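Quick heads-up: it's one chain on its own, the form predicted alone, in structure tokens.
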């Protein structure tokens, strides 16, 4: 039989644009999570508060005796506060193993040996967690705003509260970016996703516990900047034009959020590296 020349041949396929490698990581990670029934169940439960609020808006718009249920700007702030529980569980479920599993499988050197930068790798992993966190914060809150307009049959509430759309958007992204970068940084510190989940829970609850003890001692809320959740609450109230919950100046709370994001970026820069194998 004839032997064909197997010499050099020009690549005939399509070349991916430079800087789009993160999209491949993000798509693969999102598909993987959607294939898990337990996670889909968690997402469905996370949308239950949305359904309850939608029923509330319908009753307020159609039942005269339910006018006390009429929504206000604070209603949307309260909704996002309720979603913080689901933000925690989604963060642990999705984010704990994003880098830890790659470290356990020694996959980092495989990723970074390809034409893929560390920035693209980190951004791809971050995009996975951000996408799911927005799915339980920003998206249901915005849809809830549209539901209110539909049930009311007019734009009166929306015109009177034009700041709600940017407020929901800004706060949701501030919360998601802080939580996602912190979890990704913790995931880069260990090879065990379980240990990462425990670390995240410990840091979150420990900061709140320390603040609680200090409050009992000082009877002052001026040290709320110690608590991650308190910082988010303080900044959130500013964004939604509501009275501050703590005595801590809101710029201090915002500064602490920035510190968390920057520190997480520094940890990721130090930990996400290809490993040189010396023969």
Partner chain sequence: MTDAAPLAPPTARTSPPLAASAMRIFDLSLGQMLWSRRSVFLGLLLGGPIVIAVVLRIIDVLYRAGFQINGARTGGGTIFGLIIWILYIRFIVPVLGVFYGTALIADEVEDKTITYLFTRPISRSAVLLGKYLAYLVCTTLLVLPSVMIVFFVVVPTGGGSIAQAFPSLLTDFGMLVAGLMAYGAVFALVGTRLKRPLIVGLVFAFGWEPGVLFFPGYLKRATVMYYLQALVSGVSRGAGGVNQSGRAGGYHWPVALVRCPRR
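Numbering follows the first chain given and starts at 1. All values derive from a computational prediction rather than experimental measurement.
Here the subject shifts to the form predicted together with its partner chain, a form of this protein not shown in this document.
Between the options 72, 85, 169, 156, the residue in contact with its partner chain in the model of the complex by a heavy atom within 4.5 angstroms is 85. When its partner chain is considered in the model of the complex, only one residue from 50, 240, 215, 58 comes within 4.5 Å through any heavy atom, namely 215. Each of 201, 206 and 244 comes within 4.5 Å of its partner chain in the model of the complex, counting any heavy atom.
Note on the interface: of 189-197, 130-138, 143-151, 156-164, the segment with non-hydrogen atoms within 4.5 angstroms of its partner chain in the model of the complex is 189-197. Within this chain, residue 92 lines the site of its partner chain in the model of the complex, having a heavy atom no more than 4.5 Å away. Residue 250 falls outside the set of residues with a heavy atom inside 4.5 Å of its partner chain in the model of the complex. By the criterion of a heavy atom within 4.5 Å, residue 210 is counted among the residues contacting its partner chain in the model of the complex. Contact check for residue 219: a non-hydrogen atom falls within 4.5 Å of its partner chain in the model of the complex.
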